[in-house]
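In structure tokens, the next block holds one chain alone, the form predicted alone.
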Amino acid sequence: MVVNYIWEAIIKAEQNGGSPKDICFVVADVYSPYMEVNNVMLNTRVVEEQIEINPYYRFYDIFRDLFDPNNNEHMELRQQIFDILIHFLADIDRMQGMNKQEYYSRFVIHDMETGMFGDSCREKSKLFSQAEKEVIAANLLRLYETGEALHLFKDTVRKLFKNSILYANQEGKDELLLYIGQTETSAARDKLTLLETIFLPLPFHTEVYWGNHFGIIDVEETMQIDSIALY
């Protein structure tokens, strides 16, 4: 995403794991009348902590008198007011561009981060990027609507853990066999635990295989010597 508007800067910062509060909007000394965000590099995708903008591109009626070149008094105060107003306007921009699901997802993510799903969920939610939290929130909303817990657990795991495969035990057990095609780490294990807590029905439990797949007869890829996990 190339940052052309203030709302894009806010979204990009969140996708990078930052917070809109970390961004300071300032009036550019020199700016193009045809652009809102005046980056030094025209097509940069990096969000700086301080972003220079042209306040008259869309908000001339609001800011036309705030930075009159003939008035140099109280510049620091006016800059602070300007920064607060631009954050407010960017938030309105985002609200106008959101659909109902995105709006609800923000509340779900907020609840996860503030402990409404429990302290464990709050701590483990810090391990996820903003994009990953949005995946979880979207599927959690679908869970409320459809009740398809296993399907949504599988969908979430596959989106967050590439090369993962989920098997259901066909022997009448409430058991899932989950192959994760990556090395086990404490962070990855905590992430998976959170997904299990949110999506899996209580009777179910999982057997997780990290890195090495368990052997399946007649499936050659799973029967490699020294690369077979035991079930």
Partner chain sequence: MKEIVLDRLQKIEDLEQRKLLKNIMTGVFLPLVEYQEEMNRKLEERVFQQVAETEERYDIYTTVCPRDELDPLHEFLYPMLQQDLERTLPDLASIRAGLGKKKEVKLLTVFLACEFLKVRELIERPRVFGGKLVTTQGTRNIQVRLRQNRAYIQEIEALHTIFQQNGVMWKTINHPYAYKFFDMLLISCEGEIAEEEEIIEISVHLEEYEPYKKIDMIPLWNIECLTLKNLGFPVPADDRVNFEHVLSVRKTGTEHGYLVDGDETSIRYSKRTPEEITIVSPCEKSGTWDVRKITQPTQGGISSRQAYALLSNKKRKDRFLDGFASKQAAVVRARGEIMRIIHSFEAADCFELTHIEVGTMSDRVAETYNMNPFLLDAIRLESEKKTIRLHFTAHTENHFILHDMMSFLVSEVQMYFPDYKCEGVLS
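Positions refer to the first chain, counted from 1. Just so it is clear, the structure is predicted and the values come from calculations on it, not from any experiment. Definition used throughout: the rigid core is the maximal C-alpha set that superposes within 1.5 Å between two forms.
Although it is not shown, the form predicted together with the partner chain is what the next lines describe.
Each of Asn54, Asn70 and Ala131 having a non-hydrogen atom within 4.5 Å of the partner chain in the model of the complex: is that the case here? No.
With heavy atoms only and a cut-off of 4.5 Å, decide whether Cys24 touches the partner chain in the model of the complex. The answer is yes: Cys24 has a heavy atom within 4.5 Å of the partner chain.
With the partner left out of view, is Gly181 within 4.5 angstroms of the partner chain in the model of the complex by any non-hydrogen atom? No, Gly181 sits far enough from the partner chain in the model of the complex that none of its heavy atoms falls within 4.5 Å.
So, Phe204 and the partner chain: in the model of the complex, are they within 4.5 Å at any heavy atom pair? Heavy-atom contact with the partner chain at 4.5 Å: present for Phe204.
Interface membership of Asp155, the partner chain in the model of the complex, 4.5 Å heavy atom rule: No, no contact at 4.5 Å.
Quick one: which of 181 to 189, 27 to 35, 54 to 62, 194 to 202 gets within 4.5 Å of the partner chain in the model of the complex, going by heavy atoms? Stretch 194 to 202 is the one.
Within 77 to 111, which residues have a heavy atom closer than or equal to 4.5 Å from the partner chain in the model of the complex? The stretch touches the partner through Leu77, Gln80, Ile81, Asp83, Ile84, Leu85, His87, Phe88, Asp91, Ile92, Met95, Lys100, Tyr103, Tyr104, Arg106, Phe107, Val108, Asp111.
Answer yes if the CA of Glu145 moves 2 Å or more between the shown form and the other one after aligning the rigid core, and no otherwise. No: Glu145 shifts by under 2 Å between the shown form and the other one.
State yes or no: after fitting on the rigid core, is the Cα displacement of Leu66 between the shown form and the other one at least 2 Å? The answer is yes, as the C-alpha of Leu66 shifts between the shown form and the other one by 2 Å or more after core alignment.
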